[in-house]
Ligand SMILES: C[S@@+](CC[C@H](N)C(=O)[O-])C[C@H]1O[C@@H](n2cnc3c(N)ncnc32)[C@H](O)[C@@H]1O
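The chain below stands alone, shown as structure tokens; this is the form predicted on its own.
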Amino acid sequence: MASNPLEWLLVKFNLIARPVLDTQVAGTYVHVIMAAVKVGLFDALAAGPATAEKIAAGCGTHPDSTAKLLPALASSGYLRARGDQYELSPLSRKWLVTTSPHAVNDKLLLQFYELGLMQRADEYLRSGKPLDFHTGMSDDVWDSYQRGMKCLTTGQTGMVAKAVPVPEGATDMLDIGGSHGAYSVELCRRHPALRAVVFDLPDAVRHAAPLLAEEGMGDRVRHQAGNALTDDFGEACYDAVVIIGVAHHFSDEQNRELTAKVARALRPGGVYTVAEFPAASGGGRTQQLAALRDFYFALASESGTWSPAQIASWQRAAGLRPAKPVRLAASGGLNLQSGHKPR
């Protein structure tokens, strides 16, 4: 995290302790932003510029510590300083004011829990056993998780729904692990004859139900509680099945068994679409996000990210015909791998 050309050169030629920049500096940067979200600092500035004292009063924070935080946010591009007052930058106004349609505050609040998991990364390295993200979550964390996951869909449900192949005349869809139902809602709005069952763990359904109810879809999109790894989906029940951002929780063997169950549940001509962020391929800075994501998913759940080729192999083994993968660059590189059931 070089902050000027000189630091960049020092990092490039290995003349500065980059591990300090990558840990202490980056870690402080992360927590400054997250703390500001937690106390509602950006919402306190939504009405216009304010002094540190006024911001502290609006947030219920101490004026002195708030005054220390504000320059850090301004130097990071999240606020702008105007004399003794501070105002929102375009960055924070779009992404961190809760009334914005693009707000990601809920995801940042969830990250307090996620960072707690990451602090135990050494346990995972020593034992090889994942920490299991979903086990032992309190009701508050479950609520935060569902709101956080839904806010990540903002702006991408439309492009995903457009890319998911739905057979002509389809009436029934299964959404595995869809919790908040945002993708099912968008798909059903795009295909007026379609109904969807959002299948997820009982705790997920309980905490996501209010989010789905807000969409006003009635019985067209409904929840069903269960466990995708152990429950049966029936035979020839669905025209389309989707699993979006969930397969990384399952091992290769579990995904193969799941795909076989999905193939039985599909009607002839039906389609199974798996949407996942890509697995890392090679090294270098361009692969950093993919590699970090893969490690996090492995630590927090069961396995990690999967390539379209790996997903296609599950579909092929289940008797489905894999299509060419679709990559949605605007959604962070999400890959869609669909498999068609022969008629």
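Please read these numbers as outputs of a predicted model, since none were measured by experiment. Counting begins at 1, following the sequence as shown.
If you look for the form predicted together with the named molecule, you will not find it shown, but the lines that follow are about it.
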- Message: Quick check for you: of 261-269, 116-124, 176-184, 189-197, which stretch puts a non-hydrogen atom within 4.5 Å of the named molecule in the model of the complex?
- Response: 176-184
- Message: Taking the named molecule as it sits in the model of the complex, is residue 167 near enough to touch it, meaning that at least one heavy atom pair lies within 4.5 angstroms?
- Response: no
- Message: Residue-level question: is residue 78 within 4.5 Å of the named molecule in the model of the complex, judged on heavy atoms?
- Response: no
- Quick one: does residue 92 come within 4.5 Å of the named molecule in the model of the complex, counting heavy atoms only? no
- Close approach of residue 229 to the named molecule in the model of the complex, 4.5 Å, heavy atom: yes
- Note on the structure: From 237, 74, 201, 163: within 4.5 Å of the named molecule in the model of the complex by heavy atoms is 201
- the named molecule in the model of the complex has a heavy atom of only one listed residue within 4.5 Å, and of 273, 146, 255, 105 that residue is 146
